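Taking the form predicted alone, here's one chain by itself in structure tokens.
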């Protein structure tokens, strides 16, 4: 088991610590290595909050988040930051590439805190850029690229440190139909070829239906909305 969430609770609080909205309530989830799932639900249901908890960008009020065999919800901020950089890849609705840097520089930024072998990082970057079809654009800046190319670069940046878990928050939300379809295929290909576990939060049922399972987040809890046998999965 790669990821386990037990009895997770999370509330929004006022500046004085008073709860004014409970977002997640006694939420449970288990995720196997290599699995790919979608989380859907109404706007404001807590999907991004849940993803932030899984990605160690935030901590739950109650419950445990277990990654492998370690309870990461008990770690301090320094340990969580190192965990995020080594184990988690993030893709957001907007690419958040730094406009003053080239695509090549942008995708290598996450490798800097690790102080790893630069040559190995360059080789991974080249492989990923070629795989995603944007190798020829590597010396251009985000303003010179299309939206689809920028989002593919964001995928490369998320994968550059070889994470165990890839989190995608509305990754196709800012793309047109053609680029959304291309990015959806890219994410499923990465999951299948590199065996990276994938969690996608999305309003797009076209993307959700490409996952192994679809969970509905409603009233603070997850319910399995769809689970198709491998022979019937759409790809």
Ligand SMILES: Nc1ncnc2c1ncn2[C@@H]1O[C@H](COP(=O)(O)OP(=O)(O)OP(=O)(O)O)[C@@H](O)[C@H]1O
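Note that the structure is predicted; figures quoted are calculated from it, not measured. Numbering follows the first chain given and starts at 1.
The same protein also exists as the form predicted together with the named molecule; that form is not shown, yet it is the one meant from here on.
Against the named molecule in the model of the complex, the set 12, 47 and 203 is in full contact: each member has a heavy atom within 4.5 Å. Proximity of residue 42 to the named molecule in the model of the complex: non-hydrogen atoms within 4.5 Å are present.
In the model of the complex, residue 222 stays away from the named molecule, with no heavy atom inside 4.5 Å. The shortest heavy atom separation between residue 214 and the named molecule in the model of the complex exceeds 4.5 Å. Residues of just one listed stretch (30-38, 182-190, 65-73, 48-56) have heavy atoms within 4.5 Å of the named molecule in the model of the complex: 48-56.
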